[in-house]
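The form predicted on its own is given below as one chain in structure tokens.
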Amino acid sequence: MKGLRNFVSKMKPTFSPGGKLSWLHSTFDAFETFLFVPNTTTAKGSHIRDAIDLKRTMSVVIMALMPALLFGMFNIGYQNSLALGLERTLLENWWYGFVEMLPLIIVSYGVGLGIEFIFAQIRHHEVNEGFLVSGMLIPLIMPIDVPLWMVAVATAFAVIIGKEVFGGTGMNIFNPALLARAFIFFAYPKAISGNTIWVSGLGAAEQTGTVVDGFSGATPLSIAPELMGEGVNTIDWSSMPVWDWFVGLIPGSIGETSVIAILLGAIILIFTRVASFKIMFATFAGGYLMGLLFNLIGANIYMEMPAYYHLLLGGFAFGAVFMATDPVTGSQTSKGKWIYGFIIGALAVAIRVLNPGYPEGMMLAILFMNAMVPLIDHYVVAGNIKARMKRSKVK
């Protein structure tokens, strides 16, 4: 590590003001501060030393995403094996998924970081660190068969329209990763809906007739809407493979299927205090209570789904742990975090049940509540001021 530090220090004058490549100072600074904690100190006023900065915070989130990423790679290969009737080992399934997943990650980081670097050079600012996490989240919330050019366009939209026009990292209103998914959902709906997109190569396999009989690639959330469309009025929910849902051995977005892997990430985020447990807990509570309310109504088979099923399916758990807790777009006040998370969970389940044609409501719920965060925090702060004024005896 000392040798690397010496090498970077030797190269630094070339990229510093007055050097031959001074115009690339922002780019060099981004790599240097990623490798080493900056040693800058304040010259006057308050001085605080801390072992963590924004890059280190983003690195913790990346670590928390690793269980979902690694399992997602395995599940890509596992679902492909089921669809084609192949016998693969655990490692072979994971390697297949790794090869299929890698291009998505490269495109996401390549396009996103490229735009970040360009804006930093134009503005003569430091490169924003926020995309370290967004670049990983975008592939994880996509179906495996989404075209790479769509990922590139969606990523560019998310970074430029979702971040840079607001001033960059820390200034954006909406979660960039969810904006990328929303862009594809509304601009190219066929690329992110249906059954064939969730399993690698399933569309091509169906055309060649090599798919195992009975394998459809349907996600659990699509079962009820399909049956309702066929006029079926009842489902034996007790016969559902709930354990497979919890483990994640089902078709779905790459990083969203395994609740176990997501909860491992949640433990890391909570233990390191990088993410708010209040938002996570409130989101799960809101979704569960809304599910119970629909159970009481029981107007259709979707409303009869056991409430806790909603917490296991689709992007609910992933959204609660990694998306709703975004420190930039989430609520900043303590009471606001409970309100913000609870409404996200309740709204996500309501969208699923009341609009069976769009069974995945977590994305829209979080984006809507991102827009409501300033209002929530405003009234929380105003309420605190009012309460303090009542307690005060000063006239």
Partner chain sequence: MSGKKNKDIFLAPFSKDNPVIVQILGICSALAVTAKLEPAFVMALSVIAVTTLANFVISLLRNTIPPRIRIIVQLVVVAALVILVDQVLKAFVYDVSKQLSVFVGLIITNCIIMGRLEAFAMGNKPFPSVLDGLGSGIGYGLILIIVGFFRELLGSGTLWGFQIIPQSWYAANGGFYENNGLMILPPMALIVFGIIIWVHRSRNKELQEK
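Keep in mind that what you see is a predicted model, and the values were worked out from it rather than measured. Numbering follows the first chain given and starts at 1.
This next part talks about the form predicted together with its partner chain, which is not shown.
Can all three of W149, F157 and I161 be found with a heavy atom no more than 4.5 Å from its partner chain in the predicted complex? Yes, each of W149, F157 and I161 comes within 4.5 Å of its partner chain in the predicted complex.
Partner-proximal stretch of 73 to 81, 274 to 282, 178 to 186, 314 to 322 relative to its partner chain in the predicted complex, 4.5 angstroms, heavy atom: Of the options given, it is 178 to 186.
Within 4.5 Å, heavy atoms only, which of Y309, F98, F215, F119 is in contact with its partner chain in the predicted complex? Spelling it out, the residue with a heavy atom inside the cut-off is F119.
Can you pick out, from I267, L91, L296, V165, the residue that has a heavy atom within 4.5 Å of its partner chain in the predicted complex? Flagged contact: V165.
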